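One chain is shown next in structure tokens, namely the form predicted alone.
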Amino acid sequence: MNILVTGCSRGVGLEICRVLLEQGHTVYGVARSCPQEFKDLQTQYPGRLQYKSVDLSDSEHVRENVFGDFVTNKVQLDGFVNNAALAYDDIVSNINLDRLKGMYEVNVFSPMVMTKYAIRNMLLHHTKGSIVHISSISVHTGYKGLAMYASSKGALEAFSKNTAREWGSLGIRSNVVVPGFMPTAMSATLTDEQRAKIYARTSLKDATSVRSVAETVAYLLSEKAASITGQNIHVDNGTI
């Protein structure tokens, strides 16, 4: 299968790419930068991990930047993983409108536009494709300072559920993976005490496994999940 993955170069996105490559798929990765760990993965899977540097804060040019000369209509797209995200953490009484708009460009507007063109590609090739959005546990359980970020991910969850209803008759599925707190760059600013409190709220009393999240994404992209659509799949160590 050919899978488009955003935010591919580090953290969860990189692990999603690794799992998909291990399963024999071809990955078209989009991110702002290409660190050495991603280059090493390209070397390990020559020709099967494509990359393009794209700034998803520019939603108006997503079509030309991603689908114009990268994932063209000559590529039969089987899946789209919307993983890229920008975190804007602060308390509600400090909301900065420019920062809020910037986050929504990356977390909501570009993913919606990319979903549009991913579906068009699937229709062109008569593909029963799969779309997977990466959300956040903060949508479902409150954390101080995450209201704005959670709102952007909540918008994606609603978008995914309605996308599933809209295109299910043509075999196109849309689901959301809701990870718990993971040891990624996005959570690196937390203190050990803050992490301990967060993990204590889970059933497994630990950080969510990045590998487990990636494996769940790969499953939802596969035919094994052919009857799963419009769902939020929680991979959160039992936070909810």
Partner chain sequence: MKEKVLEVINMIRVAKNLPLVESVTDNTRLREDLDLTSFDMAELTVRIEDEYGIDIFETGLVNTIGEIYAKLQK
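These numbers come from a predicted model, not from an experiment. Positions refer to the first chain, counted from 1.
Form predicted in complex with its partner chain: not shown, discussed below.
Proximity to its partner chain in the predicted complex, defined as a heavy atom within 4.5 Å, singles out one entry of K161, K128, R120, R99, which is R120. The contact residue chosen from R211, R63, K39, R32 relative to its partner chain in the predicted complex is R63, the criterion being a non-hydrogen atom within 4.5 angstroms.
Of the stretches 80-88, 140-148, 163-171, 105-113, only 163-171 has residues with a heavy atom within 4.5 Å of its partner chain in the predicted complex. Under a 4.5 angstroms non-hydrogen atom cutoff, its partner chain in the predicted complex lacks I95 among its neighbouring residues. Looking at 71-104, the one residue that comes within 4.5 Å of its partner chain in the predicted complex, counting any heavy atom, is N73.
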